[in-house]
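Shown next as structure tokens: one chain only, the form predicted on its own.
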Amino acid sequence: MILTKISLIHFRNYKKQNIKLHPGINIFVGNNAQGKTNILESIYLLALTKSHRQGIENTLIKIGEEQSKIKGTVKDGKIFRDLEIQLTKLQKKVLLNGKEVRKIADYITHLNVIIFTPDDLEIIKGSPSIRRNLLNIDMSQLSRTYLQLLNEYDKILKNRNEYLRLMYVNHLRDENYLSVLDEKLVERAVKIYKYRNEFLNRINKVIGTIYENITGTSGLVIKYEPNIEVASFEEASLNKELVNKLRKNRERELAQGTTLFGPHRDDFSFYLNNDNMRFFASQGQQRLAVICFKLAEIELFKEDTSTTPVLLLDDIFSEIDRKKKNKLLKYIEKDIQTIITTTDLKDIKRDILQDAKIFTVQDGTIEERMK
């Protein structure tokens, strides 16, 4: 999968910009606060219909303008698709080949992306919700079934939490409706547990090798941590355990007005040689572990979709030494379209730069560098 070109109109600090992309490595070079990250954000938005930055959707339109557009052309094998996002201050429209798409689930997967930003260190250091969000976004691109399950689960969870609060406030003891919600919730929860376990097991088959190839250190693994005791990931076992947890904690849930057990409370951790990297790893090691997680995901995309997602790397070179930097670039050189932002090209080998397309970014203007 290759994004051949992208057009920005009144997006962030760009007035009008057309960019033709290389199928391999594309490097956007410039000082901070010039608009480099905005390019990656526009591609992510074009793929997933929302920004990777949280809580800033009302700032996507250039100051002083009423609307913004992002257009892109995707080459997937021999098929070309035109994607478009139209933004106004009141609404967002999503178009595929010039026709509006009403259901986001029918749009996502036409451009798959994997992104790394400096904030992604929080994937290791931050709260479990950050790690769950990562799983949900990337697994949804791989599987529409997972996306549908997740949407159904979230709706039932919301209804269940509202009913728990209603029961507590109104002193209701009729639990018939709650039992119906429990049955629906557990049915979907079990399938989500299984999907996530399988996904992380597949990540573990490749992430250790990728990390060792780049860093020379072995022993990186991901450990899945559901918030129920899991003897087995067989459906019957998961079903029994979650039903028992909900039943035994009914009074706690009523008092707190929320569902205490289920995949919405899941977590996972990065371990290097049996040490949790949240506590026993440098920031450079953590950065490379997260990047390797995302590179491992690309291998899953290849297996499941016979395509590679577009890899978006924002300021990846901080705290990575020259040797690891070039090993990382050599790895992604293989057959992955990659868009990188950086403040300089220092320490990058000449042969890598020779094969890459390099752009200069300054104050909302992008120019291709001539070699």
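Since we're looking at a predicted model, the values are computed, not measured. When you see a residue number, it is the position in the sequence shown, counting from 1.
A second form of this protein, the form predicted in complex with a small molecule, is not displayed here; the remarks below concern that form.
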TODO: Considering only heavy atoms, tell me if Gly35 and the small molecule come within 4.5 Å of each other in the predicted bound form.
DONE: yes
TODO: State yes or no: in the predicted bound form, is some non-hydrogen atom of Ile61 no more than 4.5 angstroms from a non-hydrogen atom of the small molecule?
DONE: yes
Task: 4.5 angstroms heavy atom contact with the small molecule in the predicted bound form for Asn31 - done: yes
Task: Partner contact for Gln67 in the predicted bound form: the small molecule, 4.5 angstroms, heavy atom - done: no
